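Take a look at this single chain, the form predicted on its own, given in structure tokens.
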């Protein structure tokens, strides 16, 4: 996917356990406008497996996922 997606806000949730990482991501999404992009940094394992699915279930769009050294950068467009 593309690096040129404009990120409005970012939240680093490394070390935050499920389901609190989703709760924190959801609260951050509520603070931005529809159409804006939130970048979420997540650990591998349960966080990257569960948070994107839960965000999609809320009706938001996953626009990019990048794996880095032991963690992931997830970009979510608020719908």
Partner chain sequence: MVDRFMEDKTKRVDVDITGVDAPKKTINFDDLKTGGFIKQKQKDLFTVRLRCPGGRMDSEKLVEVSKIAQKYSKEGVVHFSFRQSLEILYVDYNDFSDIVKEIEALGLKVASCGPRVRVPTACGGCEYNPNGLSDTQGLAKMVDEKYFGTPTPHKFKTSFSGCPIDCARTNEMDMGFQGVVDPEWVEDLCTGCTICAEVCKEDAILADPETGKPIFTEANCIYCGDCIRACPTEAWIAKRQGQIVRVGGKHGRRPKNGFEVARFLPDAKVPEAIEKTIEWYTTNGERGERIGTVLRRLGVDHYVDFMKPVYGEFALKPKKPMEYDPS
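Note that the structure is predicted; figures quoted are calculated from it, not measured. Numbering follows the first chain given and starts at 1.
In what follows, reference is made to the form predicted in complex with the partner chain, a form of this protein that is not presented.
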Can you tell me whether residue 45 touches the partner chain? I mean in the predicted bound form, with a 4.5 angstroms heavy atom cut-off. yes
Is it the case that residue 14, even though its partner is missing from this view, gets within 4.5 Å of the partner chain in the predicted bound form, heavy atoms only? no
Note to self: Can you work out whether residue 74 and the partner chain are in contact in the predicted bound form, taking contact to mean some heavy atom pair no more than 4.5 Å apart?
What the structure shows: yes
| Heavy atom to heavy atom, is residue 57 within 4.5 Å of the partner chain in the predicted bound form? | yes
Taking the partner chain in the predicted bound form and a 4.5 Å non-hydrogen atom cutoff, the residues of 58-79 making contact are 62, 65, 67, 72, 74
